[in-house]
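Two forms of a single protein chain come next, each set out by itself as structure tokens; they are called structure 1 and structure 2.
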Structure 1
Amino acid sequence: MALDVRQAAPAPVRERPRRETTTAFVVSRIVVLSVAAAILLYAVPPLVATGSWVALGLLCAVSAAIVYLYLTRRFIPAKYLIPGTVFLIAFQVFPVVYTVTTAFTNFGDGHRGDKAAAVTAIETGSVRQAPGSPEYTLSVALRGEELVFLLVDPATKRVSLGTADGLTPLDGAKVGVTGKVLTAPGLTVLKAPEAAARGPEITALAVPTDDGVIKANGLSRAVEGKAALVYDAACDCVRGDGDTWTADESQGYFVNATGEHLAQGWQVNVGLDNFARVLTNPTISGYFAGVLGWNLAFALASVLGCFGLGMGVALALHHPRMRGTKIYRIVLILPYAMPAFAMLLVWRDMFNRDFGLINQLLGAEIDWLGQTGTARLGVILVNIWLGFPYMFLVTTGALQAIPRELTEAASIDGATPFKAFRRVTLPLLLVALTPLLISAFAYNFNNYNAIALTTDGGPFPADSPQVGSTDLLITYTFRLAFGAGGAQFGFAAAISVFIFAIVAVISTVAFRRTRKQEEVYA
């Protein structure tokens, strides 16, 4: 029986190619690991100081995982995927999740902390000086990063250290002729301008004593007083001033029998109240549809205007007979190179009725930004002026990627230049630029600067000072959430969710149509 050589011959063993390790690769890996280690180590002291042991344990686990991952030759794909995933979670997923969760709370001015912080703020804020209570000459100092009081008794000249934990004697302090402390061992005494800059911290600091608390009365005087409002844990209420305020966990307030509440509250979950407020409050929902309609028109006009103007200029400069294209391109890109906020302010002054350049050139006295029609036309024109250079640049790049043979073949087949553009060039441009147009629409839908720096939402009708003729949803939301009523982060987050839903629906529909277009022209 003949031996089959092909079967008998052993299969050649193919050695796995070894990856060449260059010096640059080693150095870059050391640098990246050093930076990551420095960032992780920087987070350790704050976590230890605050007793966040779970977070500290998680930090140690992440550090160990990073070291194991990048000091081994295995897990090559993970070396590239994990950093991208971490940044995706940190800068994309986390902000969205945090905004959505905030929309279900009453987070805002008066509701920034928990219930214990609210009780402390209510009690310390109601401190009143009793007749005959001690007064002190106040100096403000720093013990490390902690703000402390240096209190001098005018009668005995004794110096005491006042902190949030209490009052303790302080030896070795030097007192000046004005009665204020000049130096103190281990402390940095603040000068008047430095203390003034820390006004809110000084006002908030309360030094507990046996008979009440000591609070600052200005920057040079402190008095001891008692809280007029005191929390009673037995009834979960605040008593004082002849009234009782009971805790209402649904509102995050202490409420009395007549329905009035104390100014300071705490953060609670309010469910869908913020969303219901947008839809049912006539002050908000009555203008929502009108603002949304103008918002859509502004975004569409801006995108189509920028694209049309940018494409037209790009087509003109792309023509083979065009000369001096470099000079034209430099001039055309100037609006895009200018700081946008400065240009918006310049355009606002150019539209001024009394001394604006436009009225001077036209010899007219048109109140461009004081009338609804001209104000809307003005902000759209300014936005197109700012945005078309970018569209010009990307369209120029896309045109250079389209073979000239296609348009030449169309002309040989008898197509006119316009027909060749409409049937060949434009569809291919849209395949390349539609994702950019969708992102431009989303950007202009929330273009806060274009409105805030030109018209600030105006002109405003006499019967509605809250919503102006050029307000977008984003500027309208900002005025509602952070206007005269103080910051309402929960409510602002709820409207942001609405805006996100609108833009997401429009973008999804547009992307679906883009996909069909790509299948046709692929």
Structure 2
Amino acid sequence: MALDVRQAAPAPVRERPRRETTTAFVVSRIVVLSVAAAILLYAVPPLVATGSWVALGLLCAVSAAIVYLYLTRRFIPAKYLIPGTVFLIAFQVFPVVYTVTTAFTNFGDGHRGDKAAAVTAIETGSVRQAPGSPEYTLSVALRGEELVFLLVDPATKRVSLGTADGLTPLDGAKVGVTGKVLTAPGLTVLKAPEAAARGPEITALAVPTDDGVIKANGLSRAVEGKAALVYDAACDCVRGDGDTWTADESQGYFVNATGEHLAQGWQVNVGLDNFARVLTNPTISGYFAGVLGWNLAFALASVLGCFGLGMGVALALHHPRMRGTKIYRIVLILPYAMPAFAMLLVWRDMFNRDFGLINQLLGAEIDWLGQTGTARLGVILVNIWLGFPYMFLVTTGALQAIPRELTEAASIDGATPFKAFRRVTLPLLLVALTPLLISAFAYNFNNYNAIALTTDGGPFPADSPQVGSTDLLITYTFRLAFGAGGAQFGFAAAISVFIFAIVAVISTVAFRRTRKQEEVYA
């Protein structure tokens, strides 16, 4: 697929003249070295302090490679590519690769941490009041910055200080009529609103005792309780409540004999389970074809609509005798200059049946986004409105590169303006714009916001409330992955891989086909 002539005809090999060392050469080398040194001086100490040796090694290796690259006279293309590539790898490639690896795990709600964290969560979550244990009156206080409990035993009126380290008797505290502590030496007793503001901290504090832990029950009461569920390392299981849950490393759950599992699990490798789920899930596969069809139509209509309209006005304005082009151009980029999310919400309001502007102007009572046909047309229209200024801008830019002599020559040869456009301007435009059109297609194929902020997938037919008629693959499947079952990142990542595969295949095929066409024109 040799496409451009330059590559097909290799440049004549010429002996490169030996260059003497110029001032610019020396200065540029010094700048490179000092920038590298400055970055290392800044970045190394924190890594050493925290003992992140892998990161340190990586940093040094990358810096050394970059310094070498810019000191040597070789690898000229790499000198131009590396600056952008470093950022690309760090902030796009790495996150994407990492996301793809989570597709092989059960990462998500209930499976966020490791096993130890799950055991702790299960044990503390199962704390219940021990029979016959006292119910303390609780006051919350601060010791310096640390939150502590002041516990009054209602029977003996003795005051104890409870911290994360344990329970100690406290003397000299003044107890009020309600049983709450008013003042205590060396401590700042919090008033009710102050304590309420620290609710999560209060809930989290557990004061260990001989028989269990003391935890707050509301803001003014604390009870001593015991963990009903206890982890036993010997059998790798959790016991309690007359049942035993054994760790199942393939699911990342503690499971009992009847197959029920505890809510808290941990992250494990599940292999291809997520991918298998995407393929076998009846709610996905049952609607897949329909959603994919509309998704393709939406992306194509958006791209072609934007490109047609954008190129149309760009061509109309691209005429030496056209007047007022400056004003026109400003007006035309306005939709693009407004924040997209805001305008999506505004469009949704304009389509509203009861108070929407469009119905007001038409004097109609049409539920635009409530019916399949109008809702689909509506979201495409909104998307074209948002996107056509982009196409207008890039076409205007690309038109500058096409010498006017070419179109003039065509018209002298007797071509009609339409023919000149079809045979000369459009092919040349497409050379520069095909990648952008493909990229715009991929973007719109996954245009989550355009749907989520307008129809949110709706309208939903009564018989299948799962999938709406404007749902794209991404909005529909992400609703499944982040819906009722809690966030399932692993599952969502597997879905993303599938969607990526679909878009990438379509794009690559389209790209090759258009490139072949251009060869014909060229």
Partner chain sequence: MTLRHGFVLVVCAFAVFPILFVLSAAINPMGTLASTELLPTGASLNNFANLLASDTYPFGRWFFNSVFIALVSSFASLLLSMFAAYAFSRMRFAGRRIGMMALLLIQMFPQFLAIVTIFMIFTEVTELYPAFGFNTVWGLLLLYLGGALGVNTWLMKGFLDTVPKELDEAATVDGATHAQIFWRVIMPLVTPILAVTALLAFIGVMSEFLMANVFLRDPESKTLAVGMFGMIAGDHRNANFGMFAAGTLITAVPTVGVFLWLQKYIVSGLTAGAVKG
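For clarity, a rigid core is taken as the largest C-alpha set superposing within 1.5 Å between two forms. The first residue in the sequence of structure 1 is number 1, and each one after it adds one. The shown structure was predicted, so the numbers you read here are calculated from the model rather than taken from an experiment.
The chain appears twice here, and it is structure 2 that represents the form predicted together with its partner chain. Relative to the superposed core, residue 194 undergoes a Cα shift of 2 Å or more between structures 1 and 2.
Remark: with the core as the superposition reference, the CA shift of residue 395 between structures 1 and 2 stays below 2 Å.
Relative to the superposed core, residue 383 undergoes a Cα shift smaller than 2 Å between structures 1 and 2. After superposing on the rigid core, the C-alpha of residue 39 is displaced by 7.7 Å between structures 1 and 2. Superposed on the rigid core, the forms differ at residue 78: its CA is offset by 8.2 Å between structures 1 and 2.
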